[in-house]
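What follows is one chain in structure tokens, specifically the form predicted alone.
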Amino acid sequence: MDLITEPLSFAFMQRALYAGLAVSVVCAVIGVFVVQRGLAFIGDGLAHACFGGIAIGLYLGTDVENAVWMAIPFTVLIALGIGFVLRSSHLRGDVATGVFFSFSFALGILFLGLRSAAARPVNVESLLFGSILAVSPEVLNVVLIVSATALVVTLLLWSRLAYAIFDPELAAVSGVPVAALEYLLLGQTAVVIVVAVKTVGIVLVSSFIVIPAAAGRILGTTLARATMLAVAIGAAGAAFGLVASYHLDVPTGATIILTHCACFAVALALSRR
């Protein structure tokens, strides 16, 4: 028990645990729908769109802390743009996401280069990889509020959202607002990703959406079971990875993702029996 209680005796570790669990749970729930829709790549695309939004905020004179929040509307617009291209063309989700991915990241690099030479230097590494151990009480509150809101919205629309994602043609005939629900899912994913970037960085955040959801889908025979498994894998991976990284003195975000990957490998092995 000392292996668990020792690291959690520190306030920063407690905040990291709460933030990690909140991000893992909400990303796992949303990820089940995203993976089913064939948009697994969108997490990475929106994370890099967030980079573009942050760069615009920095160009306008804000600091890194506030620039992340300014990235929310930009990232939501990119998500809605991806949804529009998907619905108005015959392109696959990965193609549409790839286009916006490239545009957003290039725009971010452009605006960073346009900043004044006298502007405060930006630690790009911290944006790319984040630091869940550095989560402040204010950021933790935002993470918890956004995660709880996203979970409530998803649960309230659960049946309609599932119907729209699994059988959009029949759902549309039945009067379900498929387009609106899809845009809502994309916009909600964008907001969650921007908030999660504050904890795990741009590079790793998409893994929280894809890996637990993919593992849950492998083992789950129904949407509800796949979601519960994804949540369990996401939360357990976050908790175990956090504690393991403390004792091994290695980067926390990477340890959590590798734990999720190990769970995915186990799920894949079990499915082949």
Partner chain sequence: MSDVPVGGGEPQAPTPAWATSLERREHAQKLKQTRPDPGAPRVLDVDHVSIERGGKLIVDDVSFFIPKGEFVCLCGPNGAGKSTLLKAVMGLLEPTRGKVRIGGEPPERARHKVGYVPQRKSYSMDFPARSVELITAAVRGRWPAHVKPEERERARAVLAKVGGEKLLDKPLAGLSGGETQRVFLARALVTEPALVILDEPTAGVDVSGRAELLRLMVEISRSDELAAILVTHNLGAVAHTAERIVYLEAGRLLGWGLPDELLGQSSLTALAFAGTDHARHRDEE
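Positions refer to the first chain, counted from 1. What you see is a predicted model; the values in this text were computed from it and never measured.
Quick note: we don't show the form predicted in complex with its partner chain, though the next part is all about it.
With the partner removed from view, the residue among A232, A244, V64, L223 that has a non-hydrogen atom within 4.5 Å of its partner chain in the model of the complex turns out to be L223. With its partner chain omitted here, the record of contacts in the model of the complex names 156-164 of 130-138, 156-164, 106-114, 193-201, defined by a heavy atom within 4.5 Å.
In the model of the complex, at least one heavy atom of V176 sits within 4.5 Å of its partner chain.
With a 4.5 Å cutoff on heavy atoms, L170 counts as touching its partner chain in the model of the complex.
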